[in-house]
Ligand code: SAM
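The chain that follows stands alone, in the form predicted on its own, written as structure tokens.
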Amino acid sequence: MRGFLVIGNKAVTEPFNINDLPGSAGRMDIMCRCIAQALFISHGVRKDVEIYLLLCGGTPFRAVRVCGGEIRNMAPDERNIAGLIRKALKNSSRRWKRSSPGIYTATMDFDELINELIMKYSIYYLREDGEKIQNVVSDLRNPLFVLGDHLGLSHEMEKVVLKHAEKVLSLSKVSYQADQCILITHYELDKFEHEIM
């Protein structure tokens, strides 16, 4: 499995206006693009990928989990994905609750989510000043990559990630958009996997 965790610093935690994703929805457009880049390939879906969003634009925080191997009726455009997230946010359970195939939500904070994810994945923090991902791609087993939206991670969140991360990895010294980071990470892992096949 591959996983991604994206922090949406302003992303709202309640159902939102689908016509204003960058504004009143707190840059939900970024979250939707991250889901699309994590899961979709030409004419298909990556079945071995999960993406987690932590929506921090309300209290309490909300987590969204999207499982590539389970999703149905999702298209790679922002409006379609936003509609499915909006539907998911109608649930307010403390535990993961399915809103549609492959899409789950739960009310949890950052520490709770990370503590759950370290039981399933090896954690890697994507940051410009880390070690080049190309140098370690052969060693990545069951990775989950943590990254922030356009605002990055708060100091408190970064401390928690650094405590649990196997490594801090860099895709480039250039600051890419979050969805671009996901695409580049897939490219590096795909390239290595196809070279050894």
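When you see a residue number, it is the position in the sequence shown, counting from 1. Note that the coordinates shown come from a computational prediction; the quantities given were computed from them, not determined experimentally.
One more form of this protein exists, namely the form predicted in complex with this ligand; it is left out here, but the text below deals with it.
Asker: Quick one: is E166 in contact with this ligand in the predicted bound form, heavy atoms, 4.5 Å cut-off?
Answerer: E166: no, not in contact with this ligand in the predicted bound form.
Asker: Within 4.5 Å, heavy atoms only: does L147 come near this ligand in the predicted bound form?
Answerer: Yes, L147 sits close enough to this ligand in the predicted bound form that at least one of its heavy atoms falls within 4.5 Å.
Asker: With heavy atoms only and a cut-off of 4.5 Å, decide whether E128 touches this ligand in the predicted bound form.
Answerer: Yes, contact at 4.5 Å.
Asker: So, G152 and this ligand: in the predicted bound form, are they within 4.5 Å at any heavy atom pair?
Answerer: Residue-level check for G152: yes, a contact with this ligand.
Asker: Just one stretch in 88-96, 105-113, 119-127, 72-80 has heavy atoms within 4.5 Å of this ligand in the predicted bound form, so which one is it?
Answerer: Among the candidates, contact is made by 119-127.
Asker: Though the partner is not shown here, which residues of 1-17 have a heavy atom within 4.5 Å of this ligand in the predicted bound form?
Answerer: Nothing in the stretch sits within 4.5 Å of the partner.
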